[in-house]
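First, one chain by itself: the form predicted on its own, in structure tokens.
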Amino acid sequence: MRGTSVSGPYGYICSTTWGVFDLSPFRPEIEALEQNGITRVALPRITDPKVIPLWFGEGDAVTPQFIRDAAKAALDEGQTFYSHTRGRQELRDAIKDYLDALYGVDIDPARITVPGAAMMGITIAAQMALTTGDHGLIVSPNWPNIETAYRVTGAEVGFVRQREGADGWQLGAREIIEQTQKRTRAIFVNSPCNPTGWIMQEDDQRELLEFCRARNILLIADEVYGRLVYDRDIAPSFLSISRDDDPLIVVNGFSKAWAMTGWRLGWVVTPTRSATHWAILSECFNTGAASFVQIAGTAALRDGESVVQDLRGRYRDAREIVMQVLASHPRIELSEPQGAFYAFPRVRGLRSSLDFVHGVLDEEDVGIAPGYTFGPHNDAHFRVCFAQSHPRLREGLERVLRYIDRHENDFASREESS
């Protein structure tokens, strides 16, 4: 059958051997996108007060009063205008002071940009490195929006999965390097990791950075959970071992360590030579973060160290509750997370994590995240965020176990048939 061409008043419409159809104006990469599994489950009941919400990466503690007061004062002073697209100078200065003191470095101020939310920084970084025909590599399990940020560039997306063993989740630099291709243009690493709590050690960071330097591959390092570690004060950072013009973008933000999820404020540390490009792209994506929000962020950095320490203490205790409640169950396999505030248990006999979390939500009014959405080979897992008040967290976890016990025969039969 020969194809046909049809012309309308504005010219050519479409031609195909199967007939005429409407051609979408959107790129195939956009048309192929699917809603991630967290919002897919959560949005229908996101405002339901009966639900114990362990699905999103935030707790139930409001932003500290002094940070909110700084934003209110800024509004009262009329701080409602545009600011520099790379961030207000006093905030960028505060970020430099904070990073220099934390890691014992001297960051070139030209490397620091405040584009808006930390996720915006990741999205811009992916856009800067990847395009159709390229290959982008993601260390997995991973937050699902990272894969989306890669896919919208048109690049092919690959994964290298952490291994779970007797010592928890592990992955070495050599394992990442072995999964690269000639077309690899970007590698994404989140340490401490959402959802596993894995922490990349400094020797592995150094080896991976040297490889990226030699191959001119952009290394995108998400360090937003860098202060939320439980056996030391800070997680190893690529900033401690990098040079000013390394092919490295380190992403961080205020959401987790200062309880500022709704403020959508983050920063990036980039190669010095890309400062102008970040100013241009930040203007296109967001025209810069809101001025009064940036003023609140400055207050958080300069006066909020006690907040970071307090939250970390709460999360450490919450982690103990998770291990007490979940890890003792005979159907659950769970490694203690080294950092961040998530647990990523595996349920023996679980085949569909999406069906599982829907069941828990419908029968027990607890919101958890399905494992499949965190990358390949995770469908026997689910994720819980333990940054909740402790009684509420314990109640939610016990309800999850109640659901598992109620459906024990189903899990057992699936396990036997596998």
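Treat the numbers as computed from the prediction; the structure is a model and nothing was measured. Throughout, we count residues from 1 along the sequence that is shown.
Below, we turn to the form predicted together with a small molecule, even though it does not appear here.
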| message | If contact means a heavy atom within 4.5 Å, which one of 322-330, 170-178, 271-279, 114-122 is the stretch that engages the small molecule in the predicted bound form? | response | 114-122
| At the 4.5 Å heavy atom threshold, is residue 258 in contact with the small molecule in the predicted bound form? | no
| request: May I ask you to state whether residue 224 is within 4.5 Å of the small molecule in the predicted bound form, using heavy atom distances? | output: yes
| said: Considering non-hydrogen atoms and a 4.5 Å limit, does the small molecule approach residue 205 in the predicted bound form? | reply: no
| task | Answer for residue 190 alone: is it within 4.5 Å of the small molecule in the predicted bound form, judged on heavy atom distances? | result | yes
| field | in the predicted bound form, the residue from 194, 140, 237, 294 that sits within 4.5 Å of the small molecule by heavy atoms | value | 194
| Position in contact with the small molecule when the complex is considered in the predicted bound form, options 213, 264, 151, 312, heavy atoms within 4.5 Å | 264
